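Next up is one chain by itself, shown in structure tokens, the form predicted alone.
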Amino acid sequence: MDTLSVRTTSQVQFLDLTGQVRRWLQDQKVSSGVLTLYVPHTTAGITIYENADPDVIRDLTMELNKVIPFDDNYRHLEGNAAAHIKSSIIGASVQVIVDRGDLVLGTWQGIFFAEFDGPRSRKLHLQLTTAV
């Protein structure tokens, strides 16, 4: 397992890590397998989403903030209940097929780190399972 450091700069932020993950994968010199990406935080997540039009991410952020507002009389005393809920909805892990040494993603897909309680320094774990 390897770990990438991720630094977020906003309370809610989606960072496109596709290029960084591809560079990491190239260093592994593996032809095929499955890459698992895991975020070990309860107020952040990881998702595969459109990366061609930045307005798509803006729309996702806007809707998540509408549906799960930051101030909604939550009982969690730490003040970040909305971040926990958003993280749970987005999820803590994704898997991507690796073929011919590259990620198998759709034309418009990218890998996004999802921050909901930033800005913070975060971690992203990568585990590559290779085909036999």
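One rule holds for the numbers: they count along the sequence shown, beginning at 1. This is a predicted model, so every value here is computed, not measured.
The same protein also exists as the form predicted in complex with another copy of the chain; that form is not shown, yet it is the one meant from here on.
At least one heavy atom of Gln109 is located within 4.5 Å of another copy of the chain in the model of the complex. A residue is said to contact a partner when one of its heavy atoms sits within 4.5 Å of a partner heavy atom; Ser5 fails this definition for another copy of the chain in the model of the complex, lying far away. Though the partner is left out of this view, Asp99 does reach within 4.5 Å of another copy of the chain in the model of the complex, counting heavy atoms only.
Although the partner is absent here, Glu63 sits close enough that one of its heavy atoms falls within 4.5 Å of another copy of the chain in the model of the complex. Contact residues in stretch 26-59 (any heavy atom within 4.5 Å of another copy of the chain, taken in the model of the complex) are Val30, Ser32, Gly33, Val34, Thr36, Tyr38, Val39, Pro40, His41, Thr42, Thr47, Ile48, Tyr49, Glu50, Asp53, Asp55, Val56, Arg58, Asp59.
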